[in-house]
Ligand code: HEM
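Shown next as structure tokens: one chain only, the form predicted alone.
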Amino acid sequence: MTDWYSNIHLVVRWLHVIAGITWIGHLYFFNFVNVPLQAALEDAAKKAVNPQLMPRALWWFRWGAMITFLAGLTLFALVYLYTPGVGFGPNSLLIGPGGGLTDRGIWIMLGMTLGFIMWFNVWMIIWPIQKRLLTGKVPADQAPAVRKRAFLVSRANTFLSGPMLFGMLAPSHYGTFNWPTALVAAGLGLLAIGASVRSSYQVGKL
């Protein structure tokens, strides 16, 4: 318990992971469960279900994203920008002997970039749109186009989540970076998400 760095590191990593599960879990819920459900519901059912469902789900969704983002930045600083006993500054996990990014550094920066795009989409596009829809501030004739924009951005986040998660896990579990591996990982992630999207519509027909 006297090793404060290790204890703080563990707590922040746990917070990052559990918040990420909450965020991505709700992202998958919206795309794999809710989208097909909404397409199948009649207007009367939507009016009964959505006022109870959407505010709760969107609250966990957006704050899961925010806590994941903030805990991730803190974790990045602890792992890559701090050396126990030395202090703050880029360490050898991030910067190699030649002054460039290490392979591990490239992986984590790739994952963080995709994660930042996804966080930005949640807080700057999806949530503002949903807030306007939930409060009735979108004119009826504009609502379909506005919903479609939120849907497309959410679907983009869903596809980005596969490569993003690989970038987050690769530094500790893979290490070496090369573009063929990155492209294969991105392709596999996109295929997995695409298959899940198609399956989500088929499940409703069973």
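Just so you know, these numbers come straight off a predicted model, no measurement behind them. Heads up: residue numbers just count along the shown sequence, starting at 1.
From this point on, the text means the form predicted together with the named molecule, which you will not see here.
To verify the annotation, which of these, 95, 134, 125, 112, has a non-hydrogen atom within 4.5 Å of the named molecule in the predicted complex? Looking at 95, 134, 125, 112 one by one, just 112 meets the 4.5 Å heavy-atom criterion.
Contacting member of 21, 11, 192, 183, with respect to the named molecule in the predicted complex [4.5 Å, heavy atom]: Of 21, 11, 192, 183, the residue with a heavy atom within 4.5 Å of the named molecule in the predicted complex is 21.
For the three residues 57, 60 and 151, verify that every one has a non-hydrogen atom within 4.5 Å of the named molecule in the predicted complex; reply yes or no. No: no residue has a heavy atom within 4.5 Å of the partner.
Are any of the heavy atoms in residue 116 no more than 4.5 Å from a heavy atom of the named molecule in the predicted complex? So residue 116 counts as contacting the named molecule.
Examine residue 129 and determine whether its closest non-hydrogen atom to the named molecule in the predicted complex is within 4.5 angstroms. No.
Decide whether residue 76 counts as a contact residue for the named molecule in the predicted complex under a heavy atom distance cut-off of 4.5 Å. Although the named molecule is absent here, residue 76 would touch it in the predicted complex, with heavy atoms inside 4.5 Å.
At 4.5 Å between heavy atoms, is residue 47 in contact with the named molecule in the predicted complex? Looking in the predicted complex, residue contacts with the named molecule do not include residue 47, since no heavy atom lies within 4.5 Å.
The named molecule in the predicted complex - contacting residues of 153-173, heavy atom within 4.5 Å: Result: 164, 165, 168, 169, 171, 172, 173.
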